[in-house]
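Next comes just one chain, in structure tokens: the form predicted on its own.
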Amino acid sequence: MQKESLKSKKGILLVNLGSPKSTSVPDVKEYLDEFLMDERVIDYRWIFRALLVRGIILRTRPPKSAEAYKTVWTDEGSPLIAITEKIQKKLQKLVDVPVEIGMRYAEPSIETGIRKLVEQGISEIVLFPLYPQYAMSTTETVIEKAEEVRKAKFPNIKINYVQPFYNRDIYINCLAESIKEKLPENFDALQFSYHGVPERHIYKTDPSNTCKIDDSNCINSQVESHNARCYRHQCFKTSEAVIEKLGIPKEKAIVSFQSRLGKDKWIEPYTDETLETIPSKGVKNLAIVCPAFVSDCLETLEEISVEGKEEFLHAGGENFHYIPCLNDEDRWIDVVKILCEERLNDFYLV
């Protein structure tokens, strides 16, 4: 009875990136303003960030982004939010605690998600940032925002955070099985395209202050304290583990990074440049997957499966096969359940 009483106070909040309310230019502009003005996305001092975002980017980019969103928008609205809602509904059937969703940007916000749980009598929340790898602009900003909201609005609740799971066997097995089912019979290479980040983000999140991005030892390092916040390391390790699980020769695997913004140096190699060069190296039949995302969104459905395909075919490629994200696959929901329950159980240990 006591355990059931404790359990009734617990809940789960799934947090994803977010999306504009609609494909209208004003809604897209509002979303981009909140997203790009986040100091963990564009990490300049506020005045310089404002000059860049509000003085330059938001004057030209919203109409272009709105047109891009129109190409992926569904009858249910934003694909990312619709998929996250499906994950929530499926997970709710598997657990006996309330499950809500929140978005780091726009609505439903993290504050909205926490409030919905609190209104149900929840005082202990497992918050799951839906990002396999740790990055300043993903996991870190979600945690910082949640803590800001908690301290300001809900000081009496406790939050346990699901940690990055880029190398967890249950996740690697899930991802590998999903990819295997969708791989074309004949392919020359499997490309892993991760969302890029500026190189300086890697240095800023390195607790050892010893990171050297051009050093291959970074990727192979076994020092966990160095790797816990190294996005680049974690991306390569995810790819390496999946390749091994699939039994694909290493020479048929490619790792690259997409979605760079501005003129700063971002981690390499770049996805667009890779797509434009590999056909001349004999890669005519390409399969590509985006493991930095668990839900399909603008960056996968438009940037990769449309723009990326055009770049590859224009450069001489013949067959381009985009492999969807895990989305609401049942095997992925099982992984989400396990990862959340681990943190739910941690409340009993406090």
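Just count from 1 along the sequence shown to find any residue number. Quick caveat, the model's predicted, so the values are computed rather than measured.
A second form of this protein, the form predicted together with a small molecule, is not displayed here; the remarks below concern that form.
*Asks:* Only one of 323, 53, 283, 298 has a non-hydrogen atom within 4.5 angstroms of the small molecule in the predicted complex; which is it?
*Replies:* Of 323, 53, 283, 298, the residue with a heavy atom within 4.5 Å of the small molecule in the predicted complex is 298.
*Asks:* So which of 242, 99, 127, 197 reaches within 4.5 angstroms of the small molecule in the predicted complex, heavy atom to heavy atom?
*Replies:* Filtering the options by heavy-atom distance leaves 197.
*Asks:* Even though the small molecule is not shown here, does it sit in the predicted complex so that 160, 171 and 238 each have a heavy atom within 4.5 Å?
*Replies:* Result no, not one residue of the spot touches the small molecule.
*Asks:* With a 4.5 Å heavy atom cut-off, would you call residue 118 a contact of the small molecule in the predicted complex?
*Replies:* Flag for residue 118 set to no.
*Asks:* Using a 4.5 Å heavy atom cut-off, state whether residue 87 contacts the small molecule in the predicted complex.
*Replies:* No.
*Asks:* For residue 65, is any heavy atom within 4.5 Å of the small molecule in the predicted complex, or not?
*Replies:* Contact check for residue 65: yes, within 4.5 Å of the small molecule in the predicted complex.
*Asks:* I'd like to know whether residue 261 contacts the small molecule in the predicted complex, with contact meaning heavy atoms within 4.5 angstroms.
*Replies:* It does: once the small molecule is placed as it appears in the predicted complex, residue 261 has a heavy atom within 4.5 Å of it.
*Asks:* Pick from 161-169, 272-280, 180-188, 131-139: which stretch has non-hydrogen atoms within 4.5 Å of the small molecule in the predicted complex?
*Replies:* Result for this chain: 131-139.
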